[in-house]
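Only one chain is given next, in structure tokens, and it is the form predicted on its own.
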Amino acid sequence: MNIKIGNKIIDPTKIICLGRNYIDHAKEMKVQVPKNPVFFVKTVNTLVTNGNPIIYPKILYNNQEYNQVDHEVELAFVVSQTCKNIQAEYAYNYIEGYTVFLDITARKMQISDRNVNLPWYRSKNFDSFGPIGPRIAPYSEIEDPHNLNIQLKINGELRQQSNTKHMLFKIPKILAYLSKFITLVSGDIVATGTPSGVASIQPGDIIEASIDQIGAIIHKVILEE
């Protein structure tokens, strides 16, 4: 799936997301702080670029059991070349650049599935549940990806505000660890987790997510027709 992010076209085969990578978020979700990176996969059908709507699925909106959809703003990086079983000290050789990513999550559905030991797949992979952009900031532009202010606003109200220095696992560790399990290829996207402050969104909301030195993405939430 080719997707244009800013002036760059990439062809990701997968999106790997880190869970519980900020201690404050793990605490707000009442889950254990991990000893190693926790990761899951989002599929490429979730991707939407800056300015395009986030679609709130009818199957969630009309169902009291599942009618909660949450925002999670994250720093993501794009893989530049195939990597498998790499060492952490060489990780930056495999990074094309950085971007803003939203891991939109059907939260009640996720919790319900987790409570009966089912995977998170369906709660994470609705169409448009992976907004990304507004560009891929080249690796050479970002001197320290672990010192970037990150925030999210809903209808102008600040919901999430943190700094990437609070990531539990840093990018070299993340990429080296992932590459032990999965072959990553050029264009693959890795999202590094969200800080605390996640909350629900509703049709009609305007989401603005931004990271220093990269930019902001703005999306309207609309109800599925």
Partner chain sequence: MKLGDQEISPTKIICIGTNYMDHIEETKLDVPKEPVLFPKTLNCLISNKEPIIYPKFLYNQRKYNRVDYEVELAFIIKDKCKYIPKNEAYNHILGYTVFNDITARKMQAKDILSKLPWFRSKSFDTFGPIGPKIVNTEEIKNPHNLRIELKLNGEIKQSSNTKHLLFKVPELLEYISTFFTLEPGDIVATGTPSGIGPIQPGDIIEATIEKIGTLTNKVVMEGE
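Positions refer to the first chain, counted from 1. It should be emphasised that the depicted structure is a prediction, and the values quoted were computed from it without experimental measurement.
The next section is about a form of this same protein that is not shown, the form predicted in complex with its partner chain.
- Judged against its partner chain in the predicted bound form with a 4.5 angstroms heavy atom cut-off, the residues Asn52, Tyr94 and Ile136 are out of contact without exception.
- The partner is absent here, but in the predicted bound form a heavy atom of Val41, alone among Met29, Val41, Val33, Ala199, sits within 4.5 Å of its partner chain.
- Under a 4.5 angstroms non-hydrogen atom cutoff, its partner chain in the predicted bound form has Asn45 among its neighbouring residues.
- The closest heavy atom approach of Tyr121 to its partner chain in the predicted bound form falls within 4.5 Å.
- For Gln213, no non-hydrogen atom is located within 4.5 Å of its partner chain in the predicted bound form, even though that partner is not displayed.
- In the predicted bound form, its partner chain lies farther than 4.5 Å from every heavy atom of His146.
- This chain is displayed without its partner chain, yet in the predicted bound form the stretch 83-91 from 69-77, 151-159, 83-91, 97-105 comes within 4.5 Å of it by heavy atoms.
- Looking at 166-193, the residues that come within 4.5 Å of its partner chain in the predicted bound form, counting any heavy atom, are Tyr177, Leu178, Lys180, Phe181, Ile182, Thr183.
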